[in-house]
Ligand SMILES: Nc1ncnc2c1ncn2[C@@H]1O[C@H](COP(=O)(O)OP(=O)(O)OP(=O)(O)O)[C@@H](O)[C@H]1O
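Only one chain is shown below, in C-alpha cells, and it's the form predicted on its own.
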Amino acid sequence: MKIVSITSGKGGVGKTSLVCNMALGLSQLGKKVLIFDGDLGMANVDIFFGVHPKNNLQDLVDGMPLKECLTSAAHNVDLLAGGNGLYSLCHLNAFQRREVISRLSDMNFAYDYLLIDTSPGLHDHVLHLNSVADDCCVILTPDPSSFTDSYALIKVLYQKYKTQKFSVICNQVGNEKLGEQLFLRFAEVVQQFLPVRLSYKRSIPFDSQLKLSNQLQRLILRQDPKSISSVAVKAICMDLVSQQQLTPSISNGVNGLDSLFRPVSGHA
C-alpha cells in the first residue's frame, strides 16, 4: 500500500476535490483505495461521494476495530471519515496520532493506495500525516499566498521531520505549460534555501466545469469525465500507477536546470 498525502499550506486550493477524484480515477484503473479524511473535525470527503458514514475516526480512537469504522464510498474505494464538528479530533495527542497511523498500516495488503486528505496549515496532526507518507504531494496554485504558504509547509516538514522528497501538483492554472512554469519558479525559490527534492507531477487547468462540480459537491470524473480537468486527473492517476515522473523533474535535469535543482544548504 502506497501512502500519498495531498496537502497544502493554505485552504481553498482544491485538495479534497483532488483526493476524491484521484480515488475514483485509481479505482477505474483497477486499484483498491482507502481514503483517510485527515481534515480532522472538519471532514467533508463523504459529501463528495454522497455517503453517510455510520462511524468515523473518533470511533477508531475510542477503540473500535478499523474495519467497522470504514465506509464504502465507491467501487474499490473505502473511506475513514474524519468527523465533522468534533472538537476533540482537532486535538489528538502524539500517541493517538501514531496509533491511528499504525492501525491504518495494518491494512497494508488490503489496499493499493492510502490517500490522505490533510487539512491546510502547520498544525501538528497535519505535519505528522505528511511525514508518514511515501509521497507528500503539495498542491500549488498561482495565488501568491499559496506560493509562500507551501514554502512554509515544506520548510517546517524538513526542519521537524527531515522530510526531503516532495511532489507538486499545480492546480487552477491556465494550461500545462503555465503549470510547469509555476513549478519551476517555486522550485527555484525552495531550493535556494532548503536541501529538499521536488518533483513535478502535472497540472490541473482551470476548468469552469470542475468549479461547478465542486460547488455541487460532486465528482468531476462522474459529472463530466471528458472535461479537461477530468483528463488531467486521470493522467495523474496513470502516472501514479506507472511510477513515472513527468518533466520538468529534478532527477533528470530537463532544460539544463539540473544545477538549479541540486539540493543546496542555506537559510530562509
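Because the structure is a prediction, the values reported are computed rather than measured. Numbers for residues come from their place in the sequence shown, where the first is 1.
Below, we refer to the form predicted together with the named molecule, which is not included among the displayed structures.
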The stretch from 25-33, 201-209, 234-242, 59-67 that lies within 4.5 Å of the named molecule in the predicted complex, judged by heavy atoms, is 201-209
In the predicted complex, the residue from N130, T71, Q172, Q191 with a non-hydrogen atom within 4.5 Å of the named molecule is Q172
Can you check whether N214 is within 4.5 Å of the named molecule in the predicted complex, heavy atom basis?
yes
Out of 1-35, which residues reach within 4.5 Å of the named molecule in the predicted complex, heavy atoms considered?
G11, G12, V13, G14, K15, T16, S17
